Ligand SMILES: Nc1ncnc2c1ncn2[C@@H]1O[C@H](COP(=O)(O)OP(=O)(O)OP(=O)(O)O)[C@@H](O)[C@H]1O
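Presented as structure tokens, the chain that follows is alone, the form predicted on its own.
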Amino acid sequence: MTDITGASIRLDGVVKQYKGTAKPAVQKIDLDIEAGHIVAFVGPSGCGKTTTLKMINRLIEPTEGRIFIGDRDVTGEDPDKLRQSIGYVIQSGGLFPHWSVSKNIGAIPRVLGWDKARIAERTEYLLDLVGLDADTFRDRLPKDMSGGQQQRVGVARALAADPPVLLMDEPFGAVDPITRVRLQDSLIAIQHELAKTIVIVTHDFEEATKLGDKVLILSEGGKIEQYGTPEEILAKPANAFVEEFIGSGATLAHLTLTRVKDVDHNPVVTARVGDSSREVINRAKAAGATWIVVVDDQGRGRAWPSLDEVATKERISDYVDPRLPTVAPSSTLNDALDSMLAASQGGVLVTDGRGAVTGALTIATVMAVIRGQLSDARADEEQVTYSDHTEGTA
């Protein structure tokens, strides 16, 4: 079991009222967040979710109330020192554009007086943790990276000084859907390794249910409408506001609770560049496979040619398929389907936290699970309707 390195967060009667406004942006809010948990703040625009997040590290000062991190009342602490002990990630990474990746990641450790060797070691570790090769990226400038790569560096920078708390404000809102899924999975893998306390603001309920151990649903003025696990909220919405917010797709939203790790994977036959094609084909046929996965030295997928394609050359070629669809064990079945559709493939490769291929998932497996879930959901709805009817006639 992973040691928890996060700290609990408690908001005690926290209010934010801006001068000249009749209503508070955040009314009196009481909230307990367990150490080592991810909590997602979600709600309509203007509900105060970002204001509440920023009050935790006092980028916005609360008008009333107290904020605790662990046993410390941080309400009166020096805000600059407080922020040095809290990781903070914003949309698009927020990197310093003229600084290299390594200089960006080392920003807070340098302020804290770490020596160069310690910063270099930490940078190397964090780049590996967020799935970027240190030799390739440490000297690169943000403008020479994709949006997803910049966001990974932003997460690494926020974790540089090993803070107990990580605050994330719409961190994946500016990237394409497939990159977003991979960043979400990367965050879950990081959390499995580090067990920080993470608070994430999102406008996307599906993202909230995927990432959050608990979800906080806010309405206008920072009013808490419901705070619970995704399963609790989907099964028993607290009121009409929550029902309307999660929408008529609540039944389908249950699909976001089923992860790739929860369903059976198909084994795959792997090969390395330069391997004998004949030997690989014989291994694949013995396993009943019609295709293989070409992997690099770390076991990460490069391509998945059919046996007919393999047979055209004496040795496995170094071709890299840029459309290779992959998902992590933490990916949802919706993610898996999206990846298959985006790549126009009937399956997807399953990878571990470091990107190594561990198996495959076919569209047939996913659809079978979905059909089973929809059947269960219809049975539940019929049971509720029957109960309502019998109560009405009793």
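Remember, predicted model here, so these are calculated numbers, not experimental data. Quick note: we count residues from 1 along the sequence shown, nothing fancier.
Although it is not shown, the form predicted in complex with the ligand is what the next lines describe.
Peer 1: Looking at heavy atoms inside 4.5 Å, which stretch does the ligand contact in the model of the complex, given the options 27-35, 338-346, 41-49, 361-369?
Peer 2: Of the options given, it is 41-49.
Peer 1: Only one of His203, Lys223, Arg315, Arg302 comes within 4.5 Å of the ligand in the model of the complex by heavy atoms, so just point that one out.
Peer 2: The residue from His203, Lys223, Arg315, Arg302 that makes the contact is His203.
Peer 1: Can you list, in sequence order, the residues from 11-35 that come within 4.5 Å of the ligand in the model of the complex, counting heavy atoms only?
Peer 2: Residues within 4.5 Å: Tyr18, Thr21, Ala25.
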